[in-house]
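The form predicted on its own is given below as one chain in structure tokens.
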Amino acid sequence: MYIVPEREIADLMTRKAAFDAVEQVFAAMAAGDAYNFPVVREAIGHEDALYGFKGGFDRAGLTLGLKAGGYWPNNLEKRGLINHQSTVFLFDPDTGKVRAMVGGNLLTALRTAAASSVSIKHLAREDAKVIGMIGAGHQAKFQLRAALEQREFEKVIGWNLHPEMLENLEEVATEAGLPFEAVELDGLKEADVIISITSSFDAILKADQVSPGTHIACMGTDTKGKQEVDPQLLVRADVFTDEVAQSISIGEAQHAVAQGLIAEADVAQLGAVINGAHPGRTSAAQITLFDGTGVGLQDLAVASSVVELAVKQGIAIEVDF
């Protein structure tokens, strides 16, 4: 068995490698070559933690495994650790033997950013110039860096519940040589692409705060009850997702479906656009929305890539298990 510790991930996994892995696994899912197992997510009754498992099997890439982990909200304050903690386990699909154990914290951030970036590549207008961000926490920086690689953006605008955190977005914009402007939510009408990455349980972005032609990537809703946008926005938009079953049960679409505003059939897989089975964006005025719920296969894909790189570079720790 190979072990790739968390400390090695930053030197192994690039945004490009994460993007390619996620794009390929989305395509495999839509083609029926890969599937996710049901998600387990529980409040454990200790330290206010949420803990769970996401797993799946990719027949095309012969990747089998799971990610175990969750959210410990007291970690940073009590222990100086990040609140999200996870580990990926890979297994040999031919024998069932464990193949690798991989640190999953940075990988989770990279694969989440890669998913929204893939959606921008395939759904945003080619002439998109202004990118808007809702949320300015740790993950928002990963999201923005990845997104800026997909179009020739000329400006970054952003809103956050706590405005003092917007300096995180300004930092990334400055790195890219772009101007940054803090805006109220109505100011997001200027954006051609909007990424929401929050932990909200109440709709933040209203339907009338989005202009025709915008692409929206909703990346924060991954649990029953969470919500980032007005359900009426999903009525206005063409909705795409990583996995339909998760989208309508724990993703952003859960609310619009529950209210009878849209049906399951109205939610399409992003992988079908990648494969050419769905046209995706068909007009400049069309609003597209990607409901990124986060699937286990994303974690397995990036972890598998890391293991291959770690073995080639002699970084992986091999143990008899």
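The model shown is predicted, which means the values in this text are computed figures rather than measured ones. The first residue of the shown sequence is 1; numbering continues from there.
Note that the form predicted together with a small molecule isn't included here; everything after this is about it.
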*Looking in the predicted bound form, is the small molecule within 4.5 Å of a heavy atom from each of S119, G213 and Q286?*
no
*Spell out, yes or no, whether the shortest heavy atom distance between G104 and the small molecule in the predicted bound form is within 4.5 Å.*
no
*Find out whether any non-hydrogen atom of G65 is located within 4.5 angstroms of the small molecule in the predicted bound form, and reply yes or no.*
no
*Any chance S200 has a heavy atom within 4.5 Å of the small molecule in the predicted bound form?*
yes
*asked:* Residue-level question: is P231 within 4.5 Å of the small molecule in the predicted bound form, judged on heavy atoms?
replied: no
*Residues in which of 125-133, 232-240, 73-81, 161-169 have heavy atoms within 4.5 Å of the small molecule in the predicted bound form?*
161-169
*Though the small molecule is not shown, can you say which of Q150, T87, Q139, S249 has a heavy atom within 4.5 Å of it in the predicted bound form?*
Q139
*Among the candidate residues I204, V183, A207, A245, which is the single one with a non-hydrogen atom no more than 4.5 Å from the small molecule in the predicted bound form?*
I204
